[in-house]
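First comes one chain, alone, set out as structure tokens in the form predicted alone.
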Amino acid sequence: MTITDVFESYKSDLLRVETQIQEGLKSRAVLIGQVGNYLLGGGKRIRPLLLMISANLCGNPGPQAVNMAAMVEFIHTASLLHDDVVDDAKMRRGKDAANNIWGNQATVLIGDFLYSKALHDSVKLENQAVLESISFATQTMSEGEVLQLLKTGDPDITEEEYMEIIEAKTAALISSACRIGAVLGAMPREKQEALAGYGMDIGRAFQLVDDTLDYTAREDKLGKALGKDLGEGKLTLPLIHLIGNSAPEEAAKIRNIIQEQSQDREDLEYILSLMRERRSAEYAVGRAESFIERAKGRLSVFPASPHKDALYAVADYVIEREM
């Protein structure tokens, strides 16, 4: 089963999610719909997809699951809007970032709307476990953003600190999406934890691959300039590995490049060349592969089914995309 097969299998579920998203964007403030649709129109819907697969696996893919899948996408989109303001981003998914079109004030406020809308609609489910999961994920994501801010431009960041950041920023919401599917299916604690752990490992791998692609992908496929993280002072695993595996004079030069306010193409080429020599991208991908294998192993508590196969296929997609 490929990721294309998975999306086709859950097409009707995702169409229901899209309808819910459009309903959620309706507001007397028309700008909310304009900005929301602009950014939401380009997403892959991985988080809603995982929630719907998990809900199907656990026997309850009904209206509550559809509603929460839409709310998870709202939270993810809100985080992207806020990220782009913090980073002063120019591009998002291959087109102008929302803050470049509507300005920082509107972008932040619409991100706030999406967060609050998601939490409000979660409360309406009257399911304490769902509310705890989604609100904890949202809080954790905010903590991750602050942790990343504190480590911006810090060449001494450790791999453990980096992992804490990506677990909070990316993996927490994916984990919550999978857990909610199990909660709505009234699964026992063991199976809730299994799906939450699967989501956490998928999220870790997803961000590791994203961060590696920032140094290895084709720019036309990436939808942004190569080395964008470096330019923003974000030290991700390929660069952390490189610093730790370079000669002292090389490491000193890398540190100087990181601490510069702006890097030129020569700086980037120097780092890319060293990364190839030290196999830093391969190291990061290897870490991602280990998380994918662990994620698959967590599903052993579930019997064989097409929905379980779909979760395996999503795991494979995470590691294979554009590598």
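The first residue of the sequence shown is number 1, and the count goes up from there. As the structure is a computational prediction, the values presented were derived from the model and not from experiment.
A second form of this protein, the form predicted in complex with another copy of the chain, is not displayed here; the remarks below concern that form.
When another copy of the chain is considered in the predicted complex, residue 113 lines it closely, a heavy atom lying within 4.5 Å.
Within this chain, residue 117 lines the site of another copy of the chain in the predicted complex, having a heavy atom no more than 4.5 Å away. Residue contact with another copy of the chain in the predicted complex: residue 187 places no heavy atom within 4.5 Å of it. At a distance threshold of 4.5 angstroms between non-hydrogen atoms, residue 150 is in contact with another copy of the chain in the predicted complex. This chain appears without its partner; in the predicted complex, the one residue of 158, 135, 100, 245 with a heavy atom within 4.5 Å of another copy of the chain is 135. A heavy atom within 4.5 Å of another copy of the chain in the predicted complex is found for exactly one of 96, 250, 154, 143: 143.
Only one of 61 to 69, 273 to 281, 291 to 299, 23 to 31 places residue heavy atoms within 4.5 angstroms of another copy of the chain in the predicted complex, namely 23 to 31.
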